[in-house]
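Only one chain is given next, in structure tokens, and it is the form predicted on its own.
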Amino acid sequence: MNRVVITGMGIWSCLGKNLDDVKNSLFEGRSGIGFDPKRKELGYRSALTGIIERPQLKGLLDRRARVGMAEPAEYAYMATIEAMKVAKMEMDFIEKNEVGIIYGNDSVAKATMEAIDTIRAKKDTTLLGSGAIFQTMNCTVTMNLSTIFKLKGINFTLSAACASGSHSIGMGYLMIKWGLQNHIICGGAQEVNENTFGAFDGLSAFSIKEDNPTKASKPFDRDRDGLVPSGGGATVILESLDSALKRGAPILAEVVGYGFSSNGEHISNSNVDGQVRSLSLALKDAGLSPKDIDYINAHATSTPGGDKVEAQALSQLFGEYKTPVSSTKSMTGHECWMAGASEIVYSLLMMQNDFIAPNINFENPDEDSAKLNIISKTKQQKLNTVLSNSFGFGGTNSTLIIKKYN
């Protein structure tokens, strides 16, 4: 079995367009949530969203490369070029080695809707252009990035709702651990536009605290009224330890545990048993006990039902150790298909800089969150071992554990 390390990371989110900006936002507890008037015009209950700037790829990529990229692929590209720079992974290395890609994504709404609108208006499919097919496919990230970077290893998109980004890292970890690959680009991407979240908004799942957007996402707080949608792109580069040492790559951390489970019950409601099994499997895989975890980056999305179940699961395993817990979704909103990957990047930034990012807007615990050690203000603390949860519709659960390399 190979040891698996993280040698690169990159991020494009509502907290910033690079690692330094995102680190500062996390440390300062700065929210990236705002108000999108276009959503109100379309009839959304909630116009709250993570505010993210679309990348300007002209000048970075030629038109042929750009034309097939949907919004998630654009975010993923920006995150990946930053991750490759951090990892010191140059194109000549990629050309001579099998570098793979597994990326989480679960929808491409805007490109699909625009293609259908064009067909309905023009009654002529030839007017869609050559890039439409590559924009509308769910694998728009992996098909584009594998082509742009000329990757020769494993190449597929992982679709698992809000656990997509986390499972992509978990699957990359397993492939390298088992010796099937040595280098894999992993991550998650989520588009952020008015076409994306209409069905989600229709479930009344979103916060309607529109008078103060930065206060709307309140994970674990008894006064929460729903999540805030968000997105972007986050990439980590996984490698076998031997490969990383051989090429002199920086080692940011080691992936030591991956747990997963299916609730096997309701399509949208979580349950404690499923989450506890995912957490327990990750701990077993890592050879760790709950007392060994220094910090938990919770999935907690700011929904009453979801937060309640996770608080109960975490309390069952970690309650007696008062393990520090926070949800970075209090600042970012719920980054959906990207979240499991971005929260590993956020956790790595905390680990590198010896702090725990706050669960902002946490003012009044409920009976379940009161049992947890929720960090509501930035806390300076050395972090050796960090656990990150991701749970998605359909009852898919993923837990990752990363550790400082030694």
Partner chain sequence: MTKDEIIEKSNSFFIDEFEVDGSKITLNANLRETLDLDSLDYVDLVVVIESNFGFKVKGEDFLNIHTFNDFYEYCFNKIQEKSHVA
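Positions refer to the first chain, counted from 1. Note that the structure is a prediction, hence the values are computed from the model and not measured.
The protein also exists as the form predicted in complex with the partner chain; that form is not presented, and the subsequent description refers to it.
Proximity to the partner chain in the predicted bound form, defined as a heavy atom within 4.5 Å, singles out one entry of D124, D211, D92, E320, which is D124. Remark: none of the three candidate residues (F35, K40 and K215) comes within 4.5 Å of the partner chain in the predicted bound form, counting heavy atoms only. None of 62 to 70, 27 to 35, 371 to 379, 357 to 365 except one has non-hydrogen atoms within 4.5 angstroms of the partner chain in the predicted bound form; the exception is 62 to 70. Not displayed here, the partner chain is kept clear of F200 by more than 4.5 Å at the level of heavy atoms in the predicted bound form.
The partner chain is not shown here, and in the predicted bound form it never comes within 4.5 Å of any heavy atom of G305. Of the heavy atoms in P250, none are within 4.5 Å of the partner chain in the predicted bound form.
Contact check for F149: every heavy atom lies farther than 4.5 Å from the partner chain in the predicted bound form. Scanning 37 to 60 for heavy atoms within 4.5 Å of the partner chain in the predicted bound form gives just one residue, K58.
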